[in-house]
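What follows is a single chain, given as structure tokens, in the form predicted alone.
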Amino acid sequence: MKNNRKQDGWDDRYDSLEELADGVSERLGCPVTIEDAGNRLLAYSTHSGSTDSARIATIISRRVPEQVIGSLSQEGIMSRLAQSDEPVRIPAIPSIGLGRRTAIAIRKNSTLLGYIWVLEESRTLDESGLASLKQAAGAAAGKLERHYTKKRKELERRQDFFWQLLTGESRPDERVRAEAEKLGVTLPGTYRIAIVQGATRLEEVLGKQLNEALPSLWKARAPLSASGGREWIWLLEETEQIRTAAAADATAACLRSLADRYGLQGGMSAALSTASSDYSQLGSGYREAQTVLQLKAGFPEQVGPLFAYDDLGHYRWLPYLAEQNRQARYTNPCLERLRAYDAEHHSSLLETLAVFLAKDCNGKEAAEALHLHANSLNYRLKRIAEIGRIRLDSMDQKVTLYLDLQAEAFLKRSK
């Protein structure tokens, strides 16, 4: 503590939030916690041996338990706190382990910065105590503002570092680890790059929700993150939860819920790179996740439900195949012959071939998709073989035709 303390005020009395929490507790005779606006624990005072389970859980996990916040929100207490400058009395809720409390919002002008919670385990605050609590909230505002300024600068440094790793020249693994350590970032042993992309720019308030929801959903630590217009990107710890088959469905449901809440037209989509333990490959991981998003947009029926680069199968090769064909100005001669015939005779042999191949050469399914009689389909297939000089009994040729058709579709949809 400083030596030049003011007797009547709080601002110069304590150097840190921790000292302020102890000072408020000593003044009021009750245990105190100070939390940020996201209900993460910033500081707490000592307490006697008999305290409630909600306080213990908050201290252990460094944030207020979800069931406590949920219950307080349902009772309208959180909204009252957020809207008032006065202390709010909170009755005990034994079902969630919450003892009787009084709380007050910490704000700077109109900006909510956090809360002070006072556990009234053995006494009830009188008018003098409530007035002291209000003074303490004013003192905490300056300290929290400085705390946020410091955190913002740290976050900006980490974001710049992450962007450089994702988009700049590759750095050796050991160098990345050393630079991360200097920034106070503990890198996971195995990681993935995760991206959430929106149809339009993702505002900061939604980004905060994503930062809260997705790492928690994936049960993964995310020591680095960055935002860039339509994208939010994380360096994500590899976890068993991510590898489960339900991860894609759970993530999609979470994104739909957030898109509905914020009225996002076009929704949001998520993607993961492959897992890696080599930090020289961060840029490659970023490109993998971007490829997943690109393919999900281009092939919504086939790739839309997929989540990770590992799951793409042959689709992961389409960008490379399409780019190689574009640079070489290559077109499959069989497809060109069919395309020329269709243009001259106003037929649809190329479409018929594409559907037939997409249906794994199953005549019944292809005929149904094209709304053709089986005999009509067989006639078309015969003409396709003759005009395109195609052997429909050759697996090699069918695979080549299928990939070249998809590469063409990828290029067309990427423009």
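Nothing here was measured: the structure is a model prediction, and the numbers come from that model. Sequential numbering from 1, following the sequence displayed.
From this point on, the text means the form predicted in complex with the DNA, which you will not see here.
Interface residue among 69, 57, 372, 358 relative to the DNA in the predicted bound form, by the heavy atom within 4.5 Å criterion: 372. Note on contacts: among 383, 63, 27, 389, the single residue with a heavy atom within 4.5 Å of the DNA in the predicted bound form is 383. Of the stretches 133-141, 339-347, 253-261, 224-232, only 339-347 has residues with a heavy atom within 4.5 Å of the DNA in the predicted bound form. Within 4.5 Å of the DNA in the predicted bound form, a heavy atom is found for every one of 362, 376 and 379. Along 293-320, no residue reaches a heavy atom to within 4.5 Å of the DNA in the predicted bound form.
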